[in-house]
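The chain below stands alone and is given as structure tokens, in the form predicted on its own.
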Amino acid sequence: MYKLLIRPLLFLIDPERVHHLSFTFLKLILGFKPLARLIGTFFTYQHPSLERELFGLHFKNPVGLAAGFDKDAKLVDKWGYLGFGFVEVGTVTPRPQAGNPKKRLFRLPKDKALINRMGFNNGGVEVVAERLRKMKKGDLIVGANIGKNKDTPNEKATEDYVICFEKLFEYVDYFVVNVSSPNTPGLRELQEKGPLTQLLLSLQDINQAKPEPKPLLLKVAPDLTDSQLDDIIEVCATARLDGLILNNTTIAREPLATVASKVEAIGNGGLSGGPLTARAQEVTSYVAERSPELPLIGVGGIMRPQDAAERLEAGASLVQVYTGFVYEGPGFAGRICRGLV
């Protein structure tokens, strides 16, 4: 029903407005516990073979909601009713920021893709921390994707990541360092070996000084060369990271079925969805072959249960979805779980 009736109607509306309307609707219907439990019977799928133990955490299934969807942790306690085993909030920055000027989110229906240049719009770490403090997330694993404010120079970026890490430490199960968004000027420069090693070692020193350190992961771009990926693997070993998230959105625009003039008119931004499937699979296989002991979370271009299965077969331990959720609807996580079983 979603793809035949609801999605065509939603796609008549500006995508960012639909995003906010969807949150209002989900908060309303899932806020009524009896109705939420009923919805959960339709959209969730449980099976012992889906359970995962990773980073010292127990995941009821390997399908997560990727960062960028619930940036401000507004529905953290609700995603389990839609079949997700974990959710990643953020990207969170120390101070609130509005992000890039609108219009900044675009659909490419012919490609089952999105282009976004949101720019880390979020309410700031204090707001997110307070919201997480009040929520009862149950058995849902919650990660925090952290970044820097746009006006923070790269030489002071570590300070921003440390602030977010400290403020959220008590309320989340794992952390992801985001240095790979294409929508914050200069951010991807932090993926270079030198500054990245310094940043991650600083965070890991703080983390390991805690009585119970949290899993610390890194999210990278799909646009890295093989040699850059080799550097990333080396940095992960040096900083004793718990895992990698592969991948963020891409700045590439090939191959696309959407006419070139429309894509050019949209302009800059990160591309996600169907066109990213092959590259994300390729990167996952490459890293898994060269560092089989490093846990991986596969994200990017997972549009069908088969895509999730192939990503897991390539070496990922868990998967995340975003654009596939937009195109396939609220039952997508449950369908992936059924397909995996």
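In case it trips you up, residue 1 is the first one in the sequence shown, and so on. Everything numeric in this text was worked out from a predicted model, so none of it was measured.
One more form of this protein, predicted in complex with a small molecule, exists but is not displayed; see below.
K.L.:
Are any of the heavy atoms in residue 71 no more than 4.5 Å from a heavy atom of the small molecule in the predicted bound form?
P.N.:
Yes.
K.L.:
Residue-level question: is residue 273 within 4.5 Å of the small molecule in the predicted bound form, judged on heavy atoms?
P.N.:
Because a heavy atom of residue 273 falls inside 4.5 Å of the small molecule in the predicted bound form, the answer is yes.
K.L.:
Can you check whether residue 319 is within 4.5 Å of the small molecule in the predicted bound form, heavy atom basis?
P.N.:
Residue 319: no contact with the small molecule in the predicted bound form.
K.L.:
Give a yes or no for residue 80: in the predicted bound form, does one of its heavy atoms lie within 4.5 Å of a heavy atom belonging to the small molecule?
P.N.:
Heavy-atom contact with the small molecule at 4.5 Å: absent for residue 80.
K.L.:
Just to be sure I understand the contacts: of 142, 256, 239, 114, which is the one whose heavy atoms reach within 4.5 angstroms of the small molecule in the predicted bound form?
P.N.:
Among 142, 256, 239, 114, a heavy atom within 4.5 Å of the small molecule in the predicted bound form occurs only for 114.
K.L.:
Counting only heavy atoms and a 4.5 Å cutoff, which of 90-98, 124-132, 159-167, 207-215 contacts the small molecule in the predicted bound form?
P.N.:
Every other range fails; the passing one is 90-98.
K.L.:
Suppose contact means a heavy atom within 4.5 Å; in the predicted bound form, does that hold for all of 61, 312 and 336 with the small molecule?
P.N.:
Result no, not one residue of the spot touches the small molecule.
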